[in-house]
Each structure stands twice: as structure tokens, then as C-alpha cells.
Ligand code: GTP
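Read the single chain below, which is given as C-alpha cells and is the form predicted on its own.
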């Protein structure tokens, strides 16, 4: 059984927490990372400890879960080797030998490009230039990097074998729908597609193997960098509402706004969403913070959740009410 989890806005939706919750709760055998590369960070908070991940799948908290990075993901050797050491996951992580490698040259080109840095708002991690070189067929691959050889894996073969054996597989996307090269707010987008179908390609599985697609929305969308933001709040209004955040990778302050129902409907449609995970619901009403049952949410928060479900047309099955994994309301048994 395969579940794919992707972002429905401009990234920053809280995917890392939802993936980690699912892995700890459902005990997935394999978690595979799809997406662009180290230009996206996932933050996971568990038992008072915070982890900022850029390449390692967020399911690392679950003992024994196999952690895979698909061929469609760009890898910066310095980033992944540092995470492997710090998280102590060297015995269970696998990197596809066909992953593209980000070199120092790519980072220099990314940071030195006025178009990417000043207009597009690139994170400066080298992903755009590396994907350009991949399209030009001039990019070095992970199998050619000696330091990565201990972690080489044939990710499609391993995943499809796991699926055939009836194991539980979770595929974790990065960024979000609004940053898709094709369907996002072009040209203020990332350098490839970011949706569920692309996640299948990234890790080497077919669409018939996918049972569930979970799209993650934050109760107040946010984005780092330039680009259209129809429901954006002014910095002063965001501060007044207590919504001030900074990007995991860039450290830049995120722009924030109110929930965009039109965008959510389009994201659900293009991703063929079967479930919605709704995060930061405690920002709708602070007294809902830490709630673990739907009945414990305030009436205002429940109205918001119900409206999202009704207007988007997809069941809201997971509700995050705080940063810790325990602060999650799981409605899957009731709604699926």
C-alpha cells in the first residue's frame, strides 16, 4: 500500500510533522523522499526536540523504517552526510545512484544569478542550476561520488519489491502545489513539478500502486520569496495575529495570509487528493492549541475545518493543533 503526501500551497505547510506522525502511528516500513532537493526544509518536533531536515525522509523517527531518496531528488553530499551523522541513520538510509549531485559551482551560479536570486527569490542551494545541467545531460550522479557509495540503493526496485510484499510505503513530497514549475505561480516557482504524479516518477513507482494521496494545507498559507499571494496579510497584520515564521532553509521571514479556498480546490483536483491534513489550526483559535480530539476544538476552529472540507470536497482526516507530534487529531477511522 502506498500513500503519497504533498503540499497544497507554497511549501511550509507542516508536511514534516504529518509524515512523522503517520510513520510513528501507522508504522510504515519504508519512507521515500521525492521532490526537488535540499532547497526545501521539513521541521519535525518530537518530545521537545526539534529537527530541521533538508534531504532525510521525515519518517526517520520510527525505528526500523527504511529511508530512501528517489532518483528525482537532487542531493548535496555535504547536506546529506551531515544529516546521516547527526540523525544516526546510516544503517537504514538508501540514496538512488541516479540522484543528481549539487556541486559548489551550482550554488555559486544560483547565488550569483540576479534573475534567480532577486526576481525569483531562489533559496541559493543550487537546485535550479543543477536541474538545468541535468536537462543538458551534463550533471554528475550520486553513483559517481565516493563518499556516498556506502548508501547507494536501487530505489525503484526496492520500493516495488516492498509493495509486492504487502509492505506499507509512504512517499514524502517537498515544496508545494503553488511552486510547481507547470501549475504554480510561474515564473516564481521551483525548477520542477511538485505534485503527487511527479512524486511517483521521482521514486520510481507507478500510479496504480497508490492508494491514498494526502494533501497538506496550513490554516494560514505562507511563502518565502517573491510571487503572487492573493490572500496575503501585511507584516503588521500578521504580527497582530501572532503569525510570524521563518524559512527552515533560508531563515527568511515568511509572507503569510488567509486560507485561499480557490487554490486549495485546484491543488486537490490536480493531486487527486483523497485526504486533507490541516495544520496550524490552533492559529484559528489559540484555545484549541494542543487539542487531541475533534470535540476539544473550539466552535470557531470546528467551523473552519468543516468549511475547508465542504468547499474543497475532500475529507479532512488529520488536524494539527501544535508543533509536537502528540498534538494531532486523527479522524481517519471516522471518515475513510
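Numbering follows the first chain given and starts at 1. These numbers come from a predicted model, not from an experiment.
FYI, the form predicted together with the ligand isn't displayed, but the following is about it.
Residue heavy atoms within 4.5 Å of the ligand in the model of the complex occur in exactly one stretch of 274 to 282, 22 to 30, 306 to 314, 293 to 301, and that stretch is 274 to 282. Although the partner is absent here, residue 40 lies within 4.5 Å of the ligand in the model of the complex, judged by heavy atoms. Using a 4.5 angstroms limit between non-hydrogen atoms, residue 195 is distant from the ligand in the model of the complex. The ligand in the model of the complex comes within 4.5 Å of a heavy atom belonging to residue 174.
The closest non-hydrogen atom of residue 109 lies beyond 4.5 Å of the ligand in the model of the complex. Candidate site formed by 11, 16 and 323: every one of these residues places a non-hydrogen atom within 4.5 angstroms of the ligand in the model of the complex.
With the partner omitted here, the residue from 134, 168, 97, 254 that has a non-hydrogen atom within 4.5 angstroms of the ligand in the model of the complex is 254. The partner is not shown here, and in the model of the complex the stretch 50 to 83 never reaches within 4.5 angstroms of the ligand through any heavy atom.
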